[in-house]
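First, one chain by itself: the form predicted alone, in structure tokens.
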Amino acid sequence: MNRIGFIGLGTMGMPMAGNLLKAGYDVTVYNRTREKSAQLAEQGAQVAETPAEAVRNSDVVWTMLTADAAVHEVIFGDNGVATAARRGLIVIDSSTVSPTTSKDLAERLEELGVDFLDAPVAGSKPQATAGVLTFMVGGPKATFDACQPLFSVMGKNAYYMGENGAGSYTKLANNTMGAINLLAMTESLMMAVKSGIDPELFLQVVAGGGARSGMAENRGPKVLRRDFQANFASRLMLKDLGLAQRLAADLNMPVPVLSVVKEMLQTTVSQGYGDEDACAVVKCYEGWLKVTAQGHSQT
């Protein structure tokens, strides 16, 4: 299982594929924007012209794409993965998609003799670059076990969550919590700033108590540096929250907090910050309050 096809070289896919190359795997990459493939070609990757071509010399095909439609197109579209799939191939999708999509892909690929794992990740660009992502995986347990060496190259943990779809269910619940924590951090930080409290000291206080969170630790300093380069773009977080909201509807589950948080991300995107990091939601509060959250070095 040394030959890997990797499809989707965006914010996450690029460093993930790069880590496979660094570990000595034979990697063939495909991306709609060829310039991104060229960057990995300089590191030793083979470049495919179509998803099907990425499959032909691969034991495992990994996809990391932006939405359900893109995953369907890459796998079952013209010159897609399925057109070149052979029995025994493994397809692993780390995109954030609907669990229904994951289960549908698994069923259709099984008919071709192909195993499928839905394996979305916790973490963003820094964790992908460092190879310390956390994978949450659904699919056949034997396939998960066989792919452990690949997960260990790109991540620090890989958890087997259950049958196909379980990884995607876990991911949507995880991203719901992350988004809620982001808004909690943002609103509280702006309350402190508007009150005249030093925001850097405020984050230090938060880090020492029960309100601490990964969002406060990672996104708080990013806000104070005025660094809105996307580790996780606002528009993608909004997309994920839409998936989570639809899942909640399927479960007949009220989600009042998720609904409010989704509206705040919609406001962020509507104000033109969709391609900036999700922490750009702070700019909405700054506009309302007429103050800016920034650290001493930025003043």
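Start at 1 with the first residue shown and count on from there. Everything numeric in this text was worked out from a predicted model, so none of it was measured.
Beyond what is shown, the protein has a form predicted together with another copy of the chain; the following relates to that form.
Q: Quick one: from A130, L112, A146, A211, grab the residue that has a heavy atom within 4.5 Å of another copy of the chain in the model of the complex.
A: Contact with another copy of the chain in the model of the complex is made by A211 alone.
Q: Would you mind picking the one in T100, N79, S152, N181 that has a heavy atom within 4.5 Å of another copy of the chain in the model of the complex?
A: Here the answer is residue option N181.
Q: Please tell me whether any heavy atom belonging to F228 falls inside 4.5 Å of a heavy atom of another copy of the chain, as the geometry stands in the model of the complex.
A: No - in the model of the complex, heavy atoms of F228 and another copy of the chain never come within 4.5 Å of each other.
Q: Evaluate K156 for contact with another copy of the chain in the model of the complex, applying a 4.5 angstroms cut-off between non-hydrogen atoms, and reply yes or no.
A: K156: contacts another copy of the chain in the model of the complex.
Q: Under a 4.5 Å heavy atom criterion, is L40 part of the interface with another copy of the chain in the model of the complex?
A: Taking the distances in the model of the complex, the answer for L40 is no, it never comes within 4.5 Å of another copy of the chain.
Q: Evaluate L289 for contact with another copy of the chain in the model of the complex, applying a 4.5 angstroms cut-off between non-hydrogen atoms, and reply yes or no.
A: L289 belongs to the contact set for another copy of the chain.
Q: Within 4.5 angstroms, counting heavy atoms, which one of the listed stretches 70 to 78, 104 to 112, 87 to 95, 202 to 210 is next to another copy of the chain in the model of the complex?
A: Of the stretches listed, the one contacting the partner is 202 to 210.
Q: Only counting heavy atoms and a 4.5 Å limit, does any residue of 140 to 171 reach another copy of the chain in the model of the complex, and if so which ones?
A: Heavy-atom contacts to another copy of the chain in the model of the complex: K156, Y159, Y160, M161, A166, Y169, T170.
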